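This document starts with one chain, in the form predicted alone, laid out as C-alpha cells.
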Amino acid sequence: MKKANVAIDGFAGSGKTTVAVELARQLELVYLDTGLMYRSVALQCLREGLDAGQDAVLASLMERFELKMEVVARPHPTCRMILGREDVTDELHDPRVTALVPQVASCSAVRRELVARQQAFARRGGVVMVGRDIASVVLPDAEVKIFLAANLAERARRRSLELAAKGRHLTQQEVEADLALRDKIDSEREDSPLICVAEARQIDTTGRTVAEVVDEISGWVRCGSV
C-alpha cells in the first residue's frame, strides 16, 4: 500500500525541520526539505557569479540546472542535494547562500521548475515534505497537511541557538528583525506566498517539545488524514 504524504508548512524557526526529521524517522518515511533545493539554486548563482535578482538570468539557469535529490537511509531517511555530481548539502547554509534565497525563491521560473521536481519526487508516496507552499501548491492532495507556527521571540531564540552552533553569534533583536523580514517576504510574494490552507491542522509549537508535536502529527498520519 502506498504510504501517505505529509505536507508541512510554516514560518522560519517554527520547528518544521526538527519535527519533520523526527516524524520521518519514527514512521519510516523520507524527509525532503524543499528549501535546500532553492538554496542549491542560490549556491549555483554564487559559483557562476550570476545576478540572482534578474529573473531572466534565473530562468536561463533553470534550463540547465542539474540537481538530484538522493535518498540516504542513515542516520534517518532523508535527501542529500547532488548538484551536478557533487553533494553540496553541507554548503547550503553558508550565510552567502542564505542571503540570496529570498531572491531565488521569488522567481516564478525557479518555483515552477522546482515544484515540478518536488511533485515528481512525491509520487512515490511516503514523503514528509517541508517548505512554505507545500500544502497550497506542491502537494494539494497530501493526505496530511500541517502548518507550524510559534511566536517571534521563540523562533528567534531557536534560530539564535542554531546560528551559535555554527559559530555565528547575533543578538536576539538582530535575529528577530531578520525573521520578521523573511516572514514579510514569504507571505507577500506574488508567486506561491506562504499561507495556511483551510484543511491544514495548525500547531503552535511555542513552549512545546518536539516529542509532543511529533506524537500529535504521527497520530494523524496513522489515521491517513487530518
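Since this is a predicted model, take the numbers as computed values, not measurements. The first residue of the sequence shown is number 1, and the count goes up from there.
This protein has a second form, the form predicted in complex with a small molecule, left out of what is shown; the following refers to that one.
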Can we say 3, 77 and 123 each have a non-hydrogen atom within 4.5 Å of the small molecule in the predicted complex? no
Hey, in the predicted complex, is residue 146 touching the small molecule, heavy atoms inside 4.5 Å? no
Are any of the heavy atoms in residue 113 no more than 4.5 Å from a heavy atom of the small molecule in the predicted complex? no
With the cut-off set at 4.5 Å between non-hydrogen atoms, does residue 128 touch the small molecule in the predicted complex? no
So, in the predicted complex, is residue 186 in contact with the small molecule at a 4.5 angstroms heavy atom limit? yes
The small molecule in the predicted complex: contacting segment from 94-102, 147-155, 67-75, 81-89, heavy atom within 4.5 Å: 94-102
